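Just the one chain here, laid out as C-alpha cells, in the form predicted on its own.
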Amino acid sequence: MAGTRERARAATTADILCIAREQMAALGAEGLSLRAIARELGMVSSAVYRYVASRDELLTALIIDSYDRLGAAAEVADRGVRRRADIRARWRAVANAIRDWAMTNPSEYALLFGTPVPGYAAPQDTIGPATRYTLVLVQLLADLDATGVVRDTPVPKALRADIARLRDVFGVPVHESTLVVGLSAWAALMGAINLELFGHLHNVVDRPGALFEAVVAQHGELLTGGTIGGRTASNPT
C-alpha cells in the first residue's frame, strides 16, 4: 500500500512540474501560479500544497529538475564520443548538447541562466544539480591534463583565489592554467547561447548557429593546444 501511495504521489508531483513548465513557457517564471496548477489538475487549491508547499518550493523543484536534465544531456553527449582521447570532439559534442537543450527548453534555460526571479533565493539544494553539467566540462580538462599538455597561460592575480576554491569544489585534479583556459571556454560557450536565445544577435548575424560553431571551434583549439591571440600550448618531449 505504501508503495502505491508513493507512486501516486510521484506521478502527481511529475504532473505538477509538467504544468509548471507549460506555465513558464507561456508566462515566464514570474507567472507561476499554484492555484492555476490545481485547477489544471482538477484539484481544490489547498490540495496542491500537499505536494508543493509554496511557489518558491515549486521554483526550486523546477530548477533542480532542469539542471538535472541539462546535466544528463551533457553526460550522454560526452559518453557518445568513443575516442575518449579526442578532447576536441568531446568538447564539441558537449557544447552542442548544451545549446540543443537550451533551444529545446528556452523557458527552463532562462530560469537557470536568465534574469533572477524577484523575491526568490535559490537554496543549497540547487548547488549539486547546478554543477552536474560543469563537472562534465571539468572532467574534460582533467583528461586533457592527463595527456601531459603544458600551458604557459598565466593565472590572473584577481582570479587566483577563485581558481583555488574551484579546484577544491570540483574535487577533480586540474592544473590552474588549464582551469583558466576552461573557464574562458565555458564563459564563451554560455555567452554565445545567451546571445542567441535572448535575441541579442538579431541584425548582427544571419546564422547564429554558425557563430556558435565558430566559438566552439576556436575554444576547442585553445583547449587542445591550438593558438589564439598568439599563445600556444606545448606538449613536453
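All figures in this text were calculated on a predicted structure; none of them were measured in a lab. Whichever C-alpha set is largest while still superposing within 1.5 Å between the two forms counts as the rigid core. Each residue number is its position in the shown sequence, starting from 1.
Here the subject shifts to the form predicted together with the DNA, a form of this protein not shown in this document.
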{"property": "4.5 Å heavy atom contact with the DNA in the predicted complex for all of Arg132, Thr134 and His175", "result": "no"}
{"property": "Stretch in contact, per heavy atom within 4.5 angstroms of the DNA in the predicted complex, of 177-185, 192-200, 60-68, 46-54", "result": "46-54"}
{"property": "The DNA contact at Arg39 in the predicted complex, heavy atom, 4.5 Å", "result": "yes"}
{"property": "The DNA contact in the predicted complex: Arg35, any heavy atom under 4.5 Å", "result": "yes"}
{"property": "Core superposition between the shown form and the other one, C-alpha change of Ala187 at least 2 Å", "result": "no"}
{"property": "Threshold 2 Å Cα movement between the shown form and the other one at Val44, rigid core reference", "result": "yes"}
{"property": "Core-superposed comparison between the shown form and the other one, Ala217 Cα displacement 2 Å or beyond", "result": "no"}
